[in-house]
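Starting off, we have a lone chain in the form predicted alone, written out as structure tokens.
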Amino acid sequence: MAHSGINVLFEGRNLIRLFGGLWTTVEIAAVALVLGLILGVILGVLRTFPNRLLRLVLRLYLEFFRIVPTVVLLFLFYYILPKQLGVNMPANQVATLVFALWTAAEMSDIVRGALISVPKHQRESGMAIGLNRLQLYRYVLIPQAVSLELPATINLVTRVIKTTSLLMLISVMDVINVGQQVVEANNQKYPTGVFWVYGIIFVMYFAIDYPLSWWAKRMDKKRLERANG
């Protein structure tokens, strides 16, 4: 007699292992986001400077991480570059580095777009009262750009979290990888267990991403209402 598929979640430590994998996923995403968002803000500000060479280099950096698929970046940084450079990095660190660099590239474009969207008269007013470039960005441009970039930043966060599903390709013990192991180990005893394992993984991702997506849409809606009001 076939066992009920849902029981696979409560077999041994399967459920605890899944939550452990989720913690690994969240930890990598969180560290990568913190590092990436900070670096992205700096790069975004630099992209508004008049130096053409600097803007070209940063534009190429953005296009590289935007055009090359994330899965290719993971393979490049995990399998190819360490062998060529003689560097041995754990998979979790490689994943954090790749996601941080990708986040920084995308964030730089968000910040740049927000900064150039600040009304021109605000910049001129700051310059008129004698603010230097650093003071202009600190007290005028960046504070006003925050409200413009926040919805896009939250959407970027959700994209990063969802893309962590690729981490199993470089042997990171994330929730997807753990789920696959649970399915393979219990496939004969629980033939329908795969639906429950991946179902709980879906619920985990949904519980993290949906509130963020809802928040981003709400903030964008309020911003549009203020602009039209």
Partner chain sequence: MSSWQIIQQSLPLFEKGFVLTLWLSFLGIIGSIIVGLICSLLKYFRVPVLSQIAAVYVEISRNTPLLVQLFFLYYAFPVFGFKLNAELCGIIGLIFLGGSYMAEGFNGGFDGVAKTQVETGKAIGLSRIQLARYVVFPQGFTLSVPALAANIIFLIKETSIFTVIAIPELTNTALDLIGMYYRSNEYLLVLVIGYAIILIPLSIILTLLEKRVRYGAFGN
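What you are looking at is a predicted structure, and each value in this text was computed from that prediction instead of being measured. Positions refer to the first chain, counted from 1.
Not pictured, yet referred to below: the form predicted in complex with the partner chain.
- Using a 4.5 angstroms limit between non-hydrogen atoms, Tyr139 is distant from the partner chain in the predicted bound form.
- A residue is said to contact a partner when one of its heavy atoms sits within 4.5 Å of a partner heavy atom; Phe10 fails this definition for the partner chain in the predicted bound form, lying far away.
- When contacts are judged by a 4.5 Å heavy atom cut-off, Leu53 does not count as touching the partner chain in the predicted bound form.
- Though the partner is left out of this view, Gln180 does reach within 4.5 Å of the partner chain in the predicted bound form, counting heavy atoms only.
- Exactly one of the stretches 79 to 87, 128 to 136, 92 to 100, 114 to 122 approaches the partner chain in the predicted bound form with heavy atoms within 4.5 Å, and it is 79 to 87.
- Contact with the partner chain in the predicted bound form, judged by any heavy atom within 4.5 Å, is made by just one of Val26, Leu39, Leu169, Ala185: Leu169.
- Proximity to the partner chain in the predicted bound form, defined as a heavy atom within 4.5 Å, holds among Leu46, Leu35, Val194, Met173 only for Val194.
- Residues in 103 to 137 all lack a heavy atom within 4.5 Å of the partner chain in the predicted bound form.
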